[in-house]
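Just one chain is shown here, as structure tokens, and it is the form predicted on its own.
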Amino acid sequence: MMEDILRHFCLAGELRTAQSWGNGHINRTYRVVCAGGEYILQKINTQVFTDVEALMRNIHLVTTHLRARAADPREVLALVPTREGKAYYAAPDGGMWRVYDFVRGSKCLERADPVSFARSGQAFGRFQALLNDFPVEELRETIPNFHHTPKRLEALKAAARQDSMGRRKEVERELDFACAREDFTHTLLKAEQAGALRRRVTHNDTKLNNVLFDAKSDEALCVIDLDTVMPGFAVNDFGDSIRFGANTAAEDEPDAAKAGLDMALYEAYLRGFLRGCGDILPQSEQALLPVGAKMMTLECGMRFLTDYLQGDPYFATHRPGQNLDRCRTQFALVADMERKWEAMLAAGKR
């Protein structure tokens, strides 16, 4: 099966090994070693990404733009074309596959210290800066309303009303937590309407493990996982990094009491992100960075809870209740951000 898929791509030499790779929630990923090169093979999750043509067009446009500005080829993901010159292969069984060059001499981190977190922030900030002149209207929404937080709340309410798995009775406290912050979910959309935010080319999944680091120098090297690159808010890209990387607990920690905001990591990332952005963010957007951090944490918690209520169809789980644990750690982090709100605001004024 694997050989049948790979023979459709322009690879260097015969297949030697192929093994599962990484810990992504959405796509199936393999590291492939051939006689003359190494690659990443992915089966695209078409339940999540229903328009693969638009998805791959976005990735091609963005990587082409970035490559023209890169000093090192390893700084940008490189798609390997099919033998017909396409960016992906549509298998007869409906599977959609793509291949990237493997980024040699790189490593991925799951937990950060202030130095590595600041470097990841600089990488995502630089990603924003390098794409600042890209015509955002050229990109399509691969997942419509992906970071439309009020609609995420509406989806959660609908899942709770339907209660298809009979799980609502377990999560009334979490539902109340989300609904109590309904007014807050509109904050960024109102800021856009007021002219304080503008749509940019955004990554929309800025977790620490979506930055590759140079294995020797430990410097941030390459931003990966470009499936959700589309129009969005830079403050949400900032926020998604914070909610994943500056939490004192793992995303799926069963004891939500361990979750909280590490202010040292928050401030380190903020410095790195702003350094990477350079002068592209006006003060009106910089002032909303803490809002982006809270918004993305709340939204992600709602998404985990919605998935749990629906039987875990979206986020991969490896044990019962994992998505509920994920939700609870996010909501605990939101609560801690609210306790530390003045410190978060003050960090942006230094």
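All values derive from a computational prediction rather than experimental measurement. Numbering starts at 1 and runs along the sequence shown.
Another form exists, predicted in complex with a small molecule; not displayed. Remarks below refer to it.
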Query raised in the report: Mind checking whether each of Ile143, Phe304 and Tyr314 has a heavy atom within 4.5 Å of the small molecule in the predicted complex?
Result: yes
Query raised in the report: Just one stretch in 190 to 198, 225 to 233, 132 to 140, 162 to 170 has heavy atoms within 4.5 Å of the small molecule in the predicted complex, so which one is it?
Result: 225 to 233
Requested in this report: Check each of Leu288, Leu324, Cys300, Met56 and return the one that places a heavy atom within 4.5 angstroms of the small molecule in the predicted complex.
Outcome: Cys300
Requested in this report: Just give me the single entry in Val52, Ile26, Val33, Leu66 that has a non-hydrogen atom within 4.5 angstroms of the small molecule in the predicted complex.
Outcome: Ile26
Query raised in the report: Is the gap between Thr185 and the small molecule in the predicted complex 4.5 Å or less for some heavy atom pair?
Result: no
Report task. Report whether the minimum heavy atom distance between Lys207 and the small molecule in the predicted complex is within 4.5 Å. Result -> yes
Query raised in the report: Does at least one non-hydrogen atom of Glu251 fall within 4.5 angstroms of the small molecule in the predicted complex?
Result: yes
